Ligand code: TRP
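Shown next as structure tokens: one chain only, the form predicted alone.
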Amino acid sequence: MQKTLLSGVKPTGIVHLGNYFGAMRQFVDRQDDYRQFIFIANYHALTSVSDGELLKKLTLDLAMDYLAIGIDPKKTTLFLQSDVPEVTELAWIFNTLTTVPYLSRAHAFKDAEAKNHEVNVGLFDYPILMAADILVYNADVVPVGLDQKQHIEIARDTAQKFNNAFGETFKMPEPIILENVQTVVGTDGRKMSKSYNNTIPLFGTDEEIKKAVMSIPTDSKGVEEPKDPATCKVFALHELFPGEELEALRARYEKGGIGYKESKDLLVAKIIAFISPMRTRREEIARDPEAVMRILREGGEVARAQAQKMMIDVRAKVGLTLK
């Protein structure tokens, strides 16, 4: 029997190369090996997006992005978090087992507090809603970056608290650590992130891609001078495309004989050649938004049936069902 893999993605901005190489392509690669539930985390997005029309657009755009990269709705259940209201009911039940000091140790909350941000209750309680997302579908594995491992630990702690209080109910999910998430660098050398404004859009136009790549800062070494590929921000992005060409480029860097302008031109060409087929598929998908919404509705029905089955057991155990 296939194990269940679950992942959620917030619709809070334009998908970029870091999203794709760090996580999204993993779901395409794994959809023959797992029973996959991939949801668009629009409840979670409400902690930072307070424009209803914008959230609708970002949500539909993200669904199109996933279909364009190769997610097959016949193999993967793709759905909206909000189409499964049982997840918020379960989160409330988990809230009654969770203390404020425990949640205060969550990295996202501590980071926001350190920056003197006024934290809304949704952000503070974010890990518990995420635990409900994971546990309501009986997920066996959850792919995460190293910086998100704590979320799985919180989900496991929450499952254990419930099981201890009410009897064996939830599986203990395991993380699949996507170590390469940390290596997808942005145009400034930091991790590629919308919050750093250092991204290269996955479905950008040729001109947008060129503009982003050409903005990458470099040192002042001339064409014939040897260069260290390990410290070059341009070369770091070349490494997303391994193979003989990459090794030939590495040799030219170390020997000398290539300038940063040529390296950037080569990178632009690589990125455009790589994304062009996906970009074409996305344009075709975007012509029929009704078909995309139908896929999401059907996925939501599958996911909700699973969640409802789980919640019958949960409600009975905590005493909400008077039978």
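Heads up: residue numbers just count along the shown sequence, starting at 1. These figures come from a predicted structure and were not determined experimentally.
If you look for the form predicted in complex with the ligand, you will not find it shown, but the lines that follow are about it.
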Can residue 315 be called a contact residue for the ligand in the predicted complex at 4.5 Å between heavy atoms? no
Evaluate residue 151 for contact with the ligand in the predicted complex, applying a 4.5 angstroms cut-off between non-hydrogen atoms, and reply yes or no. yes
Can you tell me whether residue 213 touches the ligand? I mean in the predicted complex, with a 4.5 angstroms heavy atom cut-off. no
Quick one: is residue 41 in contact with the ligand in the predicted complex, heavy atoms, 4.5 Å cut-off? yes
Using a 4.5 Å heavy atom cut-off, which stretch among 142-150, 200-208, 116-124, 214-222 contacts the ligand in the predicted complex? 142-150
Listed residue that, although the ligand is not shown, lies within 4.5 Å of it in the predicted complex (heavy atoms), from 78, 237, 130, 90: 130
